[in-house]
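The chain that follows stands alone, in the form predicted on its own, written as structure tokens.
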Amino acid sequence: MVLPSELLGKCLNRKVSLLLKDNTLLEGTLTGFDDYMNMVLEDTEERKGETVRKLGTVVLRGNNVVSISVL
């Protein structure tokens, strides 16, 4: 069985796409995480429909994440 923390460890320093509970899509480089799956993304862009906004470095609470994809 693969644990989520092991899988996130393999994604460190790679570009990921996160779908949040409010259907916002965040794309950025995963630079850190903790046991609660709180994450740090750098060079992050927020996508809501057609709108794209550059956010830079983001600390994201893990319980807001619905899915994670490696780009």
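Everything quoted here is computed from the prediction, not taken from an experiment. Counting begins at 1, following the sequence as shown.
Another form, the form predicted together with a further copy of the same chain, is not on view; read the next lines as being about it.
Contact between T51 and a further copy of the same chain in the predicted complex is not found at the 4.5 Å heavy atom cutoff. Under a 4.5 angstroms non-hydrogen atom cutoff, a further copy of the same chain in the predicted complex has N38 among its neighbouring residues.
Although the partner is absent here, T29 is not a contact residue: none of its heavy atoms lies within 4.5 angstroms of a further copy of the same chain in the predicted complex. Shown here without a further copy of the same chain, the chain has R53, L55, T57, V58, V59, L60, R61, G62, N63, N64 in 49-64 lying with a heavy atom within 4.5 Å of that partner in the predicted complex.
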